[in-house]
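Below you'll find only one chain, the form predicted on its own, shown as structure tokens.
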């Protein structure tokens, strides 16, 4: 699909606009703030930006409920501000991708308002159904955010499907007119110069014919009937053939509950791929079951299985998207690392994935080790999913236990403003911030880490620089060692020029290092470590080391 495949050599930085940087002092992150920080993003070694939604929206789901696909919200600075950022990024050799959210729209979108009034041609733009004869819902499917997946509309006198918030009505992608609307959206932004799209829950856009009741799933009913539905591949191929194939762009598809084998149906480069990369969720499930709100003890073995299955499963056929954080999950230091060993574990987590094969994504604040937020009152949460969880799940437990569940699971921890410095509001805004600033901003911020050569921030810079210099990271084979270890993650990358060994301890205690027999450390160069030296035969808490054999040369 993409002849140049430039995305394979990029490192992307994800911006969640509301909380990145406020440039005009109104308390809301905006594109003026982004423009001010383009050189900072470039200084990390990142040469791509993924924007979470910037479109006009009522804000029920923080921008993922879109009311106009052809504009930029005034709160972010409008279209002229976006064009300035787009040009500024391109001048710096950086690509820009947008969020494409076409499984659903806001119920305030013009299409929905006309559809509920049965105004042609919008009548069947959404999935409408009458109540059953006994007055019950059209089927028993669950919403992923708020109770059941159907909401009654008084104007149309029918139910509409919403797999997420009540105000996020699912589009009827089986209607060819809707698919033509999507193509118009794609062309609009690509013609402007945008370099591609991250496609939000795109695997949900085709629902099983007849929308049958789900008697298989005990929870999340309907999931098997709307994920990877019967016409998904057909519709993705249509978007590719009619639009994407005419541009030098990339497509990145969010794909809950997907395996490497299933992913290859969409991204196999040896066949006819309809997408470039897919966002898997398996590396986000090492401390939970299906959802972040069902918390379990962290399992390194589970995380390693996820990493290795994707590295091996796509080898020679498809390309990995690599990430440890995004806007939809709590902060990784607090989940897989340690707030006690903050700096050490934040650096180790960076090393654990930045040398894998694929295109890495870094989420805003991850590069300084921003950690989870622990509000004292559940009403402080903004996220629609978090609020529903508190009010409807485990209600017999004490308020303290229910609040702790939110501490473990809420994605609002990833949405507190970026901590730029130790001044008021963490340097995010001169006004009143739209959301709470994490109380640890005086200890964890960009300004203090800029001054510290051994900071998490500068470790990220060094690691990103190394992955861009090492040909084996781009082209090499992957092998894991010590698969049964519950404390250490050790893997190698090797091509005909060089090989590296990446050693990561996920333990808060010293651990004995047993180097695989094929690797002689006396002949290696230690090119990265998150401690001052690596003289100890033992690995210290959350230690990371990267050893190199062979010539270190740029690709």
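Numbering follows the first chain given and starts at 1. All values derive from a computational prediction rather than experimental measurement.
Just so you know, the form predicted in complex with a small molecule exists too; it's not on screen, but the next bit is about it.
Checked against the small molecule in the predicted bound form, the candidates 350, 98, 252, 101 yield a single residue with a heavy atom inside 4.5 Å, and that residue is 101. Taking a 4.5 Å heavy atom cutoff to the small molecule in the predicted bound form, the contact residue among 195, 214, 200, 344 is 200. In plain terms, the part of the chain that comes close to the small molecule in the predicted bound form, with a heavy atom within 4.5 Å, is 61-69 out of 489-497, 511-519, 24-32, 61-69. Taking the partner from elsewhere, residue 415 is found to have a heavy atom lying within 4.5 Å of the small molecule in the predicted bound form.
Within this chain, residue 164 lines the site of the small molecule in the predicted bound form, having a heavy atom no more than 4.5 Å away. Among residues of the shown chain, residue 287 is not one whose heavy atoms approach the small molecule to within 4.5 Å in the predicted bound form.
In the predicted bound form, residue 328 approaches the small molecule with a heavy atom inside 4.5 Å.
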